[in-house]
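Only one chain is given next, in structure tokens, and it is the form predicted alone.
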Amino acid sequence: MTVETKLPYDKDYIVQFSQDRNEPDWMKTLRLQALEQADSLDMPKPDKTKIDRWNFSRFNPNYAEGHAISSLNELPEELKALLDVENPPKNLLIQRNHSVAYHTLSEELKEKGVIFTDIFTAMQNHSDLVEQYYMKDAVSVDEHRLTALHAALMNGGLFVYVPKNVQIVEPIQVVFWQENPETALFNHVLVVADESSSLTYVENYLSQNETEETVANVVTEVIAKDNAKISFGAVDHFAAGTTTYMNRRGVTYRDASIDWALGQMNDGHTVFENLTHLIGDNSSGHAKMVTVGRGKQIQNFTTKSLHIGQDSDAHILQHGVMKEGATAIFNAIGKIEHGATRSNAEQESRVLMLSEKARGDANPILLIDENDVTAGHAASVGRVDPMQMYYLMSRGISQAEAERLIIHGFLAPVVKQLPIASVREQLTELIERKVY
């Protein structure tokens, strides 16, 4: 039986929600059009994963405010571990449920015109700029039911804009804290680096609802204009009660680059998509992703590079560890369009299974419509190498510790790419917690 996904809210709810937040008319119109489309659009169809029984429209229409904090010391220990409390980040935003609890931006970046604020404030103060990019080039409202639902019900998120020729040295860090388990999170993140600018952006998602069921529908759009450089790191850790749709998209223009380092540590069912549109000539997009699955968790991961510009370059690296009865599908897709001459698409997907019931599937896909290109792929699904175990144990290392070392070595190519030490440490700790 298919889960009924008829929306439990109407046009009046959308209009009132938009008015309460002083949204511009274009945003209200976008929401209402998306609401009309949501019922008629199909659900996405991730390869080899039946999500029709997953309730992505579970939604509590009550907007959950998050109490503001004056000091990072007021945070629970799990969140403090993400931050250097003794030496707080200069550029930090914490979203608690659906509202801002803590926000800092250095005076230097303010003077340079950098915008770093929640999505609602951005729409009020920078409406034209947000409208220029919001669900335009990276993600479309009408792709499927989940993107339409997201557009209609968006209830949190962030806007970052870096002006032309501005180089941000200190990372921008964001924590999205789903404290109230009864409220769904329809979060939208929009990061724009204008021409010849650069930034490092790192975000964390965190919830603690082990039994209460809810949904996270997250869309992230990352835009790198000509000659812009973006390093994007993330660790997602939604609890078992959250069913997650995570869609991260990038667009690179001429000579631009986006480097992704993504840790997918959710405990609930997850559909994940990471797509980079390589529009400009000589642009690049490198995506590195790790995950650990456990219990009866079902996950579907699709990482894709779409080559449109000439001399574009992309490398996809996906490593996953599955234990107990967890299941994961890894799709790596390199699509080179006609005219994208001299482009390069490389991909590698590897899955390590720690139990007899665990399942992993790595699917390398190359779709090439141009002759003068290079491309390659590698994929493997297997168990811990007994020769590696024997080598380590022959030197006095216990079986458990030998397996631990192998797993950390297997996931290290992505973990070490995260640009903030505290976030790397958090991902390492999550790996330890989920594997042992």
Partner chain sequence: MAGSTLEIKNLHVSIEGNEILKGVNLTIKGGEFHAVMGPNGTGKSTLASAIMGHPKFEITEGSITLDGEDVLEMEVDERARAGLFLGMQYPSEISGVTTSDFLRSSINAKRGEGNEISLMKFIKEMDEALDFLEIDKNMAQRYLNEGFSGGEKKRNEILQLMLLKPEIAILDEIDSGLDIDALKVVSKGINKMREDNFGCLIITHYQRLLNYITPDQVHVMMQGRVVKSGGPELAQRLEAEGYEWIKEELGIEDETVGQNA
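Bear in mind the structure is a predicted one, so any value in this text is a computation, not a measurement. So that the term is clear: the rigid core is the largest set of C-alpha atoms that superpose within 1.5 Å between two forms. Residue numbers count along the first chain shown, from 1.
If you look for the form predicted together with its partner chain, you will not find it shown, but the lines that follow are about it.
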| property | result |
| --- | --- |
| Its partner chain contact at F410 in the predicted complex, heavy atom, 4.5 Å | yes |
| Any non-hydrogen atom of K11 within 4.5 angstroms of its partner chain in the predicted complex | no |
| 4.5 Å heavy atom contact, Y390 to its partner chain in the predicted complex | yes |
| D369, heavy atom within 4.5 angstroms of its partner chain in the predicted complex | no |
| Options 382-390, 65-73, 28-36, 42-50; stretch whose heavy atom lies within 4.5 Å of its partner chain in the predicted complex | 382-390 |
| Interface residues of 374-402 toward its partner chain, as seen in the predicted complex [heavy atoms, 4.5 Å] | M387, Q388, Y390, Y391, L392, M393, S394, R395, G396, I397, S398, Q399, E401 |
| Rigid-core frame, C-alpha of S18, shift of 2 angstroms or more between the shown form and the other one | no |
| Post core alignment: I51 C-alpha displaced by 2 Å or more between the shown form and the other one | no |
| Residue shift check between the shown form and the other one, rigid core fit, M389 Cα at least 2 Å | yes |
| Pair Q417/H188, Cα separation in the predicted complex versus the displayed form, closer or farther by 3 angstroms or more | farther |
